Ligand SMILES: Nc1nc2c(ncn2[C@@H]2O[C@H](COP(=O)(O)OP(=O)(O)OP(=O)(O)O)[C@@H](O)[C@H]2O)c(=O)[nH]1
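Next up: just one chain, as structure tokens, the form predicted on its own.
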Amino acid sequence: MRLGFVGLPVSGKTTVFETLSGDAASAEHHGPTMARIASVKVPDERLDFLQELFQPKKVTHAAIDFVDIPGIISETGREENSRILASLREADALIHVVRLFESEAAPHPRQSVDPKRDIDEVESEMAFADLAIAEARIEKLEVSVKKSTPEQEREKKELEVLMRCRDALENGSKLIGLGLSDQKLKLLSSYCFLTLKPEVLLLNIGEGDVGNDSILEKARDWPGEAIAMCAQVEMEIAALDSEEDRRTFLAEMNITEPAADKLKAAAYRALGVATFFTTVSDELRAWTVRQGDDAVTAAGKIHTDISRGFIRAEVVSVNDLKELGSMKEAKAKGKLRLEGKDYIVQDGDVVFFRFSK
């Protein structure tokens, strides 16, 4: 799974990226836009429990790739911004970072704190980048659909949905709000439209606003989920050596839960993923699938041979294992279930795949 960070210069976007990635030095630069990508292990207390239970020789966490790009500036030209934003097209969801702290470093005329202005500027740039792609494809399709080819009917459907997308973007609407069917989304999948991606709004606040829940009123018009976070404070928390030091710091700042943890949870919800676990050949591993994926799709995450030769899945939930204390008790109580190809994998499932080789 890939999570992209977008925002204006001096929004604190890169500080958030480095706080969540844990090690700024490990982030690698990629491509002409100098996007930075860091692969981050996803901490999961359920994996810790399963490690105690199964005692594997190797434990592998699920991972998320974080992508940070240069700040978006409309004055640099929309073609340049479109090129920068292209680094986010492979992201599964976006974190839009907005500045709510005073900063003399902010470029004129954006030195004042104005979240609505800043949100609108970035969203407009993403919409323009999507519109340019849609219009270019529409122009080609309007020619090709006039020719009698095996692809004609599919191209007509594609043209129809792209024209609807174009109209929405020209009217300032995000594509994610169109409520497109799965069939129509499939026609658009190759374009990786930015405004079709789930998006979490991160209000980057000053230290004086830490713990001020009313600050979220600034995001009352945002259609999705919004989180308030002081990136500088969160970076200081993450840099502390011991858990005891972190607890002391949090208590002094009157913080009940690090906002970085809230953001990770919000990102997971935006990504729409479920985590399942396997234990094979002395390796315990966490995997992610999209919510609603079936057992065969989950098997394919591990290896195509497993999905191809799928026979059944033996499934038990982590919660049942915690309650009963062992796999033996789970079997005795009937909590270990046999599931077929159509079984929808649930978050927290421990799965043993049976397949023919």
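From 1 onward, residues are counted along the sequence shown. Small disclaimer: the values here were computed from a predicted structure and weren't measured.
In what follows, reference is made to the form predicted together with this ligand, a form of this protein that is not presented.
A heavy atom within 4.5 Å of this ligand in the predicted bound form is found for one listed residue only; from Asn204, Thr195, Ser87, Thr275, this is Asn204. Note on contacts: among Ser124, Gln232, Ser82, Thr279, the single residue with a heavy atom within 4.5 Å of this ligand in the predicted bound form is Gln232. For Thr14, a non-hydrogen atom is located within 4.5 Å of this ligand in the predicted bound form, even though that partner is not displayed. Proximity of Pro70 to this ligand in the predicted bound form: non-hydrogen atoms within 4.5 Å are present. Taking non-hydrogen atoms only, Val350 never approaches this ligand to within 4.5 angstroms in the predicted bound form. Not displayed here, this ligand is approached by Leu8 to within 4.5 Å at the level of heavy atoms in the predicted bound form.
Only one listed stretch (224 to 232, 261 to 269, 177 to 185, 245 to 253) carries heavy atoms within 4.5 Å of this ligand in the predicted bound form, and that stretch is 224 to 232. Looking at 297 to 325, no residue comes within 4.5 Å of this ligand in the predicted bound form, counting any heavy atom.
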